[in-house]
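Before any questions on how it binds or moves, here is one chain, the form predicted on its own, in structure tokens.
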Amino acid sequence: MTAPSTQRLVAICRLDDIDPEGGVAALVGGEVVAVFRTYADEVLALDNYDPFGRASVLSRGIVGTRGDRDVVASPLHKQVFDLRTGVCLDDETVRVAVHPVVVRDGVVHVEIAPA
């Protein structure tokens, strides 16, 4: 028997609403989350807040790859964040939160912990 999940899924948008190598911002449980679609059609989510620029802008960043990692470069000062771990590749002491994503029937959902 498995324990009941304490997480919940919040529908964000249709997958087709996010361009490949693009991002959107969504308000999820009172937090602004940046949801990205990679070139390989994976969907990943981070906090939208850029800790260097001190602004909620990561969803407007440039999505791409660095080596074999899917990343986003902040539109403010260009620090690069790994989309799977949230770690800043330019300063690994800094990271942003990662949020689980599920795509069901063409709809993107972000999983959040209850407040």
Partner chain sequence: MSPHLRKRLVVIGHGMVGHRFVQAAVERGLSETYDIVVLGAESRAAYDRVALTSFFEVGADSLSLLPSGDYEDPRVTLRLGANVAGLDLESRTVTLDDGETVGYDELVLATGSAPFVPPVPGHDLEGAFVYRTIEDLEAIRDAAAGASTGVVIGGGLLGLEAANALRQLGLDTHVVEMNPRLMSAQVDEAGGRILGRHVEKLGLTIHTGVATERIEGGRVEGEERVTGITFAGGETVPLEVVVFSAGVRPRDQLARQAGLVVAERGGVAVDDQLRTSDPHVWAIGECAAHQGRMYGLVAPGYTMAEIAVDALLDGGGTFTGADMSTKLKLLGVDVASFGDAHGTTDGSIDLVFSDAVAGIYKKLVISGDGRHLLGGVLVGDASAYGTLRAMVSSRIELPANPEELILPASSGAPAIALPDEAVVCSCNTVTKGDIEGAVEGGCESAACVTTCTTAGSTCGSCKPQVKKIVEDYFASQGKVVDRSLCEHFAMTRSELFDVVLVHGYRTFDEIVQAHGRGRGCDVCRPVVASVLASQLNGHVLAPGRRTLQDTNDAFLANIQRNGTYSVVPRIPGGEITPEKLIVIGEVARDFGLYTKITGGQRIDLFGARTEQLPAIWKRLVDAGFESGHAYGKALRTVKSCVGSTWCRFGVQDSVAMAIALELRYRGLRSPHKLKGGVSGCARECAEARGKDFGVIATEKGWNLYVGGNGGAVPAHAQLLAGDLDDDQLVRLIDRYLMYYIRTADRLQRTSTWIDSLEGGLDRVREVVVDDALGLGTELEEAMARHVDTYVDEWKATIEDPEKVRRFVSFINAPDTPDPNISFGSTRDQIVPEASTGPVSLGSSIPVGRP
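The structure displayed is predicted, hence computed values, not measured ones. Residue numbers count along the first chain shown, from 1.
What comes next is about the form predicted in complex with its partner chain, which is not displayed.
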* Quick one: from 98, 9, 103, 24, grab the residue that has a heavy atom within 4.5 Å of its partner chain in the predicted bound form. => 24
* May I ask you to check whether residue 94 falls inside a 4.5 Å heavy atom distance of its partner chain in the predicted bound form? => no
* Using 4.5 Å between non-hydrogen atoms, is residue 55 touching its partner chain in the predicted bound form? -> yes
* Partner proximity in the predicted bound form: residue 63 to its partner chain, non-hydrogen atom cutoff 4.5 Å -> yes
* To do: Classify residue 77 as contacting or not contacting its partner chain in the predicted bound form by the rule of any non-hydrogen atom within 4.5 angstroms, answering yes or no.
  => yes
* Structure fact -> Contacts from 89-103 to its partner chain in the predicted bound form (any heavy atom within 4.5 Å), listed N to C, are 90
